[in-house]
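Only one chain is shown below, in structure tokens, and it's the form predicted alone.
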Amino acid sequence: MDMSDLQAIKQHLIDPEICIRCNTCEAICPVAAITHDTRNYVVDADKCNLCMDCISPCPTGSIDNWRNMPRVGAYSVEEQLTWDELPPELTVEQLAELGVAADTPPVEAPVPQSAAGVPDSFNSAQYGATLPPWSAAHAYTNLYGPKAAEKTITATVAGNVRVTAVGHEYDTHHVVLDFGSLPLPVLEGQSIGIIPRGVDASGRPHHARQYSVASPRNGERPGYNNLSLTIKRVLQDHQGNAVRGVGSNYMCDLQVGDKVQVIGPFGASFLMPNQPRSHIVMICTGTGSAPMRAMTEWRRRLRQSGKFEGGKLMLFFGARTKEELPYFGPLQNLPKDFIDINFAFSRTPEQPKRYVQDLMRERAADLADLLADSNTYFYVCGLKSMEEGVVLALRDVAQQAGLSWETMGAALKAEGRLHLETY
């Protein structure tokens, strides 16, 4: 064994008991050190450069775990993928047996060129804020979960209705959960985890599935302790292979009166501003509409109560067809002077494909004014494949308006004005 074998590292690990598999960490990692299989998200010690970019966006804190390890004995990706819980920290004696003295400081990982200097390519995730808007309400997180005093909270299904057209391949459901007298305070933009009943192919209980809350803070029905979720039945994976989504099918098949186990809430940055003169631009696809529905409904209730002070609402909403777009009918009924709605459909027969970023470029003049206004907040939620196009569209809008994207992009992140939640 040479001297390099004796070096210790601070190995970055993800706690499989707490992780809700939301993909935030993998999406934001600038060096592709995070990967996953159907069970766990893990960090490759050979790639991780300890940049810490993944720490703040994690909604659960599961990613903030470290172990002193000998470099040659670091846990491999393959080993981590088998874990149900984190291994304990090695003792001084165990480290000594592996050739690492107690006073050996962990070495810093080498920083790859792409992370140390100019990125190799456009990285949309670098512009996503990890801080909430300055006027956001305080968010409670992790009230229920594996490491909380109460592991789960039980909810009763109070409603389950389809919100996309019947007769098409995919169906999306609006599921209402009632918590009775049990506390689960949530804000618009937060999510919860549902634990599907049953076990996986290995006989182990299913992991929680994460869903964004589609109701405003005072409940799906104002004054009641309930909330709603927007859930699309998954029948294919991202590669088009046939699969039957465990969580989505479990939720879409629930009947009124059924009981479900819930953990959370999660998320402390994808929150709407409380300041009623602030402007909100919402960009989404499919079930990414859930937090946008929550924000819109909260603003609508504020307007009804006379507490709305003119902040603009602008929505860019994409789907393959209008029949697959959740809440299409109710959205059409909202007053035009309340919300500026822009639909993009990519598979309407005999029509050119249109995506949300195409509509954003068409509305460049309006978006440029909003970008330049520090009271404007941008929210992006939906498929990961849309994220880069949306951020590039914002960059183009800024540059065409004579705004410096380097300055603007940095401000959007630092001021909690651009929030990305894609999967």
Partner chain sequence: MSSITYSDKIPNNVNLSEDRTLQRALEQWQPNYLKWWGDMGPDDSQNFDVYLRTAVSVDPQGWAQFGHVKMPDYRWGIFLNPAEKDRKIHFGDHKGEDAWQDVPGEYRANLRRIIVTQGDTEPASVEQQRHLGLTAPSQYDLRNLFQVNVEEGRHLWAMVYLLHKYFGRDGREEGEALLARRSGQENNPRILQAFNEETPDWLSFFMFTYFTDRDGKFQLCALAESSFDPLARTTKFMLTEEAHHMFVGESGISRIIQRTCQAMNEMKTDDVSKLRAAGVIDLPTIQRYLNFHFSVTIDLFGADESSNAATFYNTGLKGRFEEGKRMDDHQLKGGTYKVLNVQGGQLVEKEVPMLNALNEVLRDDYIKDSIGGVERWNKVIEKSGIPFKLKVPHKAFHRNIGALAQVKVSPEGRVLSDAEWKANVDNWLPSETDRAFVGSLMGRVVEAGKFANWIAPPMLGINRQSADFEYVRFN
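None of the values given here were measured: they were computed from a predicted structure. Numbering follows the first chain given and starts at 1. Whichever C-alpha set is largest while still superposing within 1.5 Å between the two forms counts as the rigid core.
There is another form of this protein, the form predicted together with its partner chain, and it is not shown here; the text below is about that form.
Contact annotation for N375: none of its heavy atoms lies within 4.5 Å of its partner chain in the model of the complex. With a 4.5 Å cutoff on heavy atoms, N123 counts as touching its partner chain in the model of the complex. The shortest heavy atom separation between G382 and its partner chain in the model of the complex exceeds 4.5 Å. For the chain shown alone, A33 is not a contact residue for its partner chain in the model of the complex, no non-hydrogen atom being within 4.5 angstroms. Only one segment in the set 213-221, 332-340, 180-188, 79-87 has any non-hydrogen atom within 4.5 angstroms of its partner chain in the model of the complex, and it is 79-87.
Among K353, R244, K307, R204, the residue placing a heavy atom within 4.5 Å of its partner chain in the model of the complex is R204. Shown without its partner, the chain has P16, E17, I18, C19, I20, R21, C22, N23, T24, E26, I28 in segment 13-30 as residues with a non-hydrogen atom within 4.5 angstroms of its partner chain in the model of the complex. Residue displacement note: E415 has its CA displaced by under 2 Å between this form and the one not shown (rigid core superposed). With the core held fixed, the Cα of F343 is displaced between this form and the one not shown by less than 2 Å. Relative to the superposed core, R354 undergoes a Cα shift smaller than 2 Å between this form and the one not shown.
An increase of at least 3 Å in the separation of the C-alpha atoms of M282 and E26 is found in the model of the complex, compared with the displayed form.
Note: the CA-CA distance for I55 and I231 expands in the model of the complex relative to this form, by 3 angstroms or more.
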